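Here we start with a single chain on its own, the form predicted on its own, put down as structure tokens.
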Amino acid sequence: MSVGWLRACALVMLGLFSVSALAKDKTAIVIGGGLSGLTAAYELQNKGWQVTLLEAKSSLGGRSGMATSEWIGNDKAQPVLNKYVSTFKLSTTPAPEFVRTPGYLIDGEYFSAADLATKQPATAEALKRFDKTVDDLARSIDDPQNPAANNTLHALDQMNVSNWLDKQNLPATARQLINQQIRTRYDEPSRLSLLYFAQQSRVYRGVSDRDLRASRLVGGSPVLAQALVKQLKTIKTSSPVSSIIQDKDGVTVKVDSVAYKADYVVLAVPLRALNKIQMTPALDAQHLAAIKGTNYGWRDQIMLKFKTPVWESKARMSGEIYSNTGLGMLWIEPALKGGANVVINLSGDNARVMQAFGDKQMVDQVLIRLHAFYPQARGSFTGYEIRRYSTDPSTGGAYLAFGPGQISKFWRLWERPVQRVAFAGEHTDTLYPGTLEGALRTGQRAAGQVEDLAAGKSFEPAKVGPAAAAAGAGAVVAKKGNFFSNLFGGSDDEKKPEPVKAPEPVAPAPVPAPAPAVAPAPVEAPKPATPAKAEPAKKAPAKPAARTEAKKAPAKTPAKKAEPAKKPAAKSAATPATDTKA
């Protein structure tokens, strides 16, 4: 064996060792143990990074839905979700046909779409006409990644959806069902930007309900969270982060009296939790305004448990079911140990007003209305579970739902890193906010950005829509009404709106490029800052099949023929992965 050959082998081995050592030197901290944070940590660890995940609460999974199973989309609708389902070999079963289109509960009577056309043709025709109008609105947006591409579209951001609905001349029952659908998927129509509604409709244009509910994920989004958790080496729960300090050498993250140091950070918590973390250097005025001013959809999720189903067997109620009596979107599923469960999402202003009630009072209010239609309800009732995302101080709602004027100021703001910090969570995804698909996508994106930062890449500052605020658009917001007088029945968005001045867009600040650094192990911090909870981050509302959801990547130009836009059911019940609209 020649000396030259041995020397060459030694150099190759030395090179491999050096690459391995370099990979081990790359360190990152992921803040937030929701599905977006878990995904970012998993992807970075797979690429050779040393990752520490910090979660404020004692459990992981974030806003995953409470359902014991969830309807999920196919590869066309939820490609990222299906990739992880396949990777971790999670159990799924095909969805029965009856759940693949929405259903309706009108004055206690269940209607499939076909039933509605036969028994209530006026309502069915109004819903069909509304779908056509929404489709026309969606077609006005060529690129859903740039919805405010011109002043005409920019003007839509200065209007709310309720005012636009007033002009559609919808019959009362149809308007009630549409209001309930919109507030379940997003927020109260009077609090929702018309441009955001149009943009999301464009994203889902051509994606059918059948694509969005193709199979059942057994165990729901929590099984995906646990699959990710099993892969991670370093997780610290009950670790609320109080501050993040960036300097030229790296990032220091403080939890109580302990300081963790790393090269980079992925911040995967809801906007309300961001407000409780002190950052040095501080975020610019635009980011701070977005934290305080961006609207979140509101939702409280209730699971009612029954010995036996109390609804008529022919209803086979499961999937998306909307009620004109304000019960919210319902999900019916078999219980794991017999019986049946009803998952009800109280959303929009119905959820806001219910803050005044305790858990038992809230359940009683729902049971009263359910019992009116199904007299066996109280006798079969065995218990309940509640998740109150609306009043969770670290969540402040369920998922992103841009209000009037907010796209003009905050569009794509959180997609770009700030120095050594990359952001993840359903609220940072432009196409699928509030859904499980969106949460998973942002975890992947943030992990990729950290790698880019380590390689020396810089990111351009976020861009907003046209500079002109399109004041002539006639921005409107609905007057505040007596919510109690409309509780579970209607909403104040049917009242006459009053005009307000259109907000001016805020210019973003430039983001400097960081330099990578090596991180040592945790060290004691001399003076701990007051801890703040870092809540893991859609659409479920995971906007799971209960607001956990994934979606098809839209084409840049609208198709000639497509089905009306629909939002995934996952966003409704699981987005309260809602990092599950996770």
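In this text the structure is predicted, and so the values were computed from the model without any measurement. One rule holds for the numbers: they count along the sequence shown, beginning at 1.
What comes next is about the form predicted in complex with a small molecule, which does not appear here.
The closest heavy atom approach of residue 446 to the small molecule in the model of the complex falls outside 4.5 Å. Among residues of the shown chain, residue 294 is not one whose heavy atoms approach the small molecule to within 4.5 Å in the model of the complex. Of the heavy atoms in residue 240, some are within 4.5 Å of the small molecule in the model of the complex. The closest non-hydrogen atom of residue 54 lies within 4.5 Å of the small molecule in the model of the complex.
Note on the partner interface in the model of the complex: the residue among 414, 264, 389, 186 having a heavy atom within 4.5 angstroms of the small molecule is 389. Considering the small molecule in the model of the complex, the lone stretch of 352-360, 446-454, 372-380, 427-435 in range is 427-435 [heavy atom distance within 4.5 Å].
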